[in-house]
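Let's start with one chain on its own, the form predicted alone, as structure tokens.
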């Protein structure tokens, strides 16, 4: 055989061997499928997943994106997990979901992966208490915090300065200032006050936050206590904003969380209620163009004038759950621990405005440079109140949000909505 042919065969053999080795390596990889909503910024998540893969070359992470709201994501996960489908290994769930998912047997308990009781306590000591409490059921940890959250009052600094207005501290001042600015600007596109009135989870907080600020509590002495003066004050705030002061359009009945963000980012709102993630978008770290970079301020939610109750925020955030049906539990937990690390948390906060779940990051210079309002609002974050922790939460949410939407849209009066809310909650919330 000629030397040239021998060399060709040798080269072919080496190439074939490399292909076999490559195929074997690919087959030996564990593929983890992770589900989360599109609003959690897949453009920021993918680079973090890539770094995890580089550190763990035997693991591949596949993203699966879901709906833009907590309800749509929950519907999909409920369908998949009810079928005991192992196609999803991990998922992000709303802070309100762990008790529901745990009761259905969909979550893998995590204590054993953390090394037992003592090591679990040591690991969790660096986290904010609120997110950890949401993930702790019957003294076990069932999820790891991905981000915490709460709603703030975003406002146009430039427009308040133009009309010599100070940052409002009461809801009455918000309404009055919104009237002043919208009248002065005479711009039909400019909303005075934007909020979420669509029948989504955000509408639960739309009700609870002013309800708490008016001195209300869902449960008092073990009894539902919604059809009250505090309930009327909360709902009438939004009804009045639309029908009386006219600082909010009727379209609030169709407005979802990310709709609110886009409206304000386009320069079309004086005041807006939204979660922490909106901040990065407003500053230009966003797939969408912004007209308000440098023009947005952030404040805690207002009180009501003359009512001796502190303003209160809903605790929000997202949790990493490990599917009890996953066939790759060890590898998946390794990913969840990585995503809950200080480095991943810091990156999501700096680039995406997500509130970290690790206490130390609120003193991190890079995090604070990107989010200067953290210093002022850290006490607000710590005081955020949980929505009811119950396996019946989906029904609780449905009762509140559908009645809020009915009031905002004009389909129900405030009194009728409160009667219906009271009756409905008495059947599921105890």
Partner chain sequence: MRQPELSTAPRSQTRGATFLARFVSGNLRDSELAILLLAPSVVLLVGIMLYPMLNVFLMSLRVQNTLEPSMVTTGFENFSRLLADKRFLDAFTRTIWFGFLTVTGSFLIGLPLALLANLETGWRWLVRVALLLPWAMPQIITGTMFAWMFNSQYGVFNDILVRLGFERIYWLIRPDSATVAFVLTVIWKTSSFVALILLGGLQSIPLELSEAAQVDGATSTQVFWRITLPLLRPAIAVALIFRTLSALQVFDIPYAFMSAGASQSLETLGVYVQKQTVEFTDFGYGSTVSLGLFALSLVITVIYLRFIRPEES
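Residue numbers count along the first chain shown, from 1. All figures in this text were calculated on a predicted structure; none of them were measured in a lab.
There is also a form predicted together with the partner chain; it is not shown, and the following applies to it.
Participant: Which listed residue (86, 75, 125, 244) meets the criterion of a heavy atom within 4.5 Å of the partner chain in the predicted bound form?
Facilitator: Going through each option in turn, the one that passes is 75.
Participant: Considering non-hydrogen atoms and a 4.5 Å limit, which listed residue (298, 237, 301, 253) is close to the partner chain in the predicted bound form?
Facilitator: So the residue touching the partner chain in the predicted bound form, by this definition, is 253.
Participant: Does the partner chain come within 4.5 Å of any heavy atom of residue 191 in the predicted bound form?
Facilitator: Although the partner chain is absent here, residue 191 would touch it in the predicted bound form, with heavy atoms inside 4.5 Å.
Participant: Any of the heavy atoms of residue 387 lying within 4.5 Å of the partner chain in the predicted bound form?
Facilitator: Contact with the partner chain, no.
Participant: State yes or no: in the predicted bound form, is some non-hydrogen atom of residue 401 no more than 4.5 angstroms from a non-hydrogen atom of the partner chain?
Facilitator: Yes, residue 401 sits close enough to the partner chain in the predicted bound form that at least one of its heavy atoms falls within 4.5 Å.
Participant: Considering only heavy atoms, tell me if residue 352 and the partner chain come within 4.5 Å of each other in the predicted bound form.
Facilitator: Residue 352 lies outside the contact set for the partner chain.
Participant: Within 4.5 Å, heavy atoms only, one stretch in 354-362, 135-143, 256-264, 172-180 touches the partner chain in the predicted bound form. Which?
Facilitator: Going through the listed ranges, the match is 256-264.
Participant: Thinking of 65, 311 and 380 as one candidate spot, does the partner chain come within 4.5 Å of a heavy atom in every one of them in the predicted bound form?
Facilitator: Heavy-atom distance to the partner chain in the predicted bound form: none of the three under 4.5 Å.
Participant: Across 379-405, which residues bring a heavy atom to within 4.5 Å of the partner chain in the predicted bound form?
Facilitator: Counting only heavy atoms within 4.5 Å of the partner chain in the predicted bound form, the contacting residues of 379-405 are 391, 392, 394, 395, 398, 401, 402, 405.
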